[in-house]
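Only one chain is included here, represented as structure tokens and corresponding to the form predicted alone.
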Amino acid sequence: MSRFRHSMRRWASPMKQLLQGNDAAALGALYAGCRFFAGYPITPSTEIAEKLALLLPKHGGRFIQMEDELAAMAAVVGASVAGVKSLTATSGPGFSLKQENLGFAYITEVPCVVADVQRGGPSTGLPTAPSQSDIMQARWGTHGDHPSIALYPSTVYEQFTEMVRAFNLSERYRIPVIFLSDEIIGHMRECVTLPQEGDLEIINRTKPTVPPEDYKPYDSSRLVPPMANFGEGYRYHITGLSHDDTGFPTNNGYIAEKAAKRLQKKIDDNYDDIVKVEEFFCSDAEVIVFSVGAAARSAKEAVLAARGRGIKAGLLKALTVWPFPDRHIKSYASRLKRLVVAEMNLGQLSNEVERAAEGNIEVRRILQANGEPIAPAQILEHFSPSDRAVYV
């Protein structure tokens, strides 16, 4: 029996178990091969750090509590460059502090995962209350042009599987991946049966096949250049400055723009591989709710209640927030009566839905930023009597 399987026996039992969302995320990271965590305690994500502090040493991994969030992000980048799959976890205020070194990871194409269990804001805000107000920060938190991948589970089981997917996408595309959650999903407990070793695919970064003297860490002829780990005989330069194929700084605007376009293209060209949604009663729906995370749970209950009243309602739940599921929105916008967006903020998803729908459909907003979850009844109110099917 492998050391992984032996040490995971208690937590990843093939038997159904009652598991907290944050614990499931930590176990998903271990399953994906994460062997380094650097972070700083912050509500409501601290359980991820606590679980990994306990389990990482049993897997030959390392846990370190840094002096602040900026340093934690730097440590994660450094560990990944050395070849170790790495994770940090935080909430909104800490996520803001990580942005400088997160931008460094984007331009240097260093794979890693940043978990953000959202709480009320801005600033210290509502530390123990749920929110979904970091949606835009997950896309535009750093300056400059770069793509972003952000995932958002809504169940404890998805906390595990989407964390595995976060690491896989990060390694496949050489990019930091944001793992969004919220206080409700992070702290709720559900009965789950976790995947066993070998059930889920694990992806590792592509290594170079050329000798060290021919290696180009940012080879512009490939969308995703192979990545050599430090310490394996490949010596190369890493800088936050605009750089050429070899990694050395350049002031050549043509080279800088070409590199920026490659970073964007490697994500845009792989929409179908990256973007994941769950469609619930959408095939015959006339009204669809678009939502994520905790709000999507309420939306699902609202859809079931609406169906019980003869209303053809459906739920489009995004498990990938960035890249935004534009194509899915467009496909539904052409045939629905309306789209309803339920989110625990003041319109960060709604604006994107309206952009993707291109004015072809009415978009109703259910916005809430008071630290309370959106109730199914609030969503049900937006299914008007005219949406009720007529049965003969």
Partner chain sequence: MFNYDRYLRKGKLPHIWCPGCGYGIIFKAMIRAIDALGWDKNETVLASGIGCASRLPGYADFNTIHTTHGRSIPFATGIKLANPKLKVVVMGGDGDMSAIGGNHLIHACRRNIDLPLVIFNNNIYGMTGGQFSPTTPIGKKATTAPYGMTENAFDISALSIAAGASFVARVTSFHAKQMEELMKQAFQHKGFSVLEIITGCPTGYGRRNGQPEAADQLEWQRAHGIPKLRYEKMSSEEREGKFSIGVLHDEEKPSYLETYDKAVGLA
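Numbering follows the first chain given and starts at 1. Given the structure is predicted, the values throughout are model-derived calculations rather than measurements.
The discussion below concerns the form predicted in complex with its partner chain, not included here.
- By the 4.5 Å heavy atom rule, the three marked residues 132, 311 and 366 all fail to count as contacting its partner chain in the predicted bound form.
- Listed stretches are 346-354, 66-74, 327-335, 41-49; the contact stretch with its partner chain in the predicted bound form is 66-74, by a heavy atom cutoff of 4.5 Å.
- Looking at residue 100, you'd find a heavy atom of it within 4.5 angstroms of its partner chain in the predicted bound form.
- Put simply, residue 240 is close to its partner chain in the predicted bound form: some heavy atom of it is within 4.5 Å.
- Contact annotation: residue 94 falls outside 4.5 Å of its partner chain in the predicted bound form, judged by heavy atom distances.
- Of the heavy atoms in residue 84, some are within 4.5 Å of its partner chain in the predicted bound form.
- Think of it this way: in the predicted bound form, its partner chain has a heavy atom of just one of 233, 122, 211, 198 within 4.5 Å, and the residue is 233.
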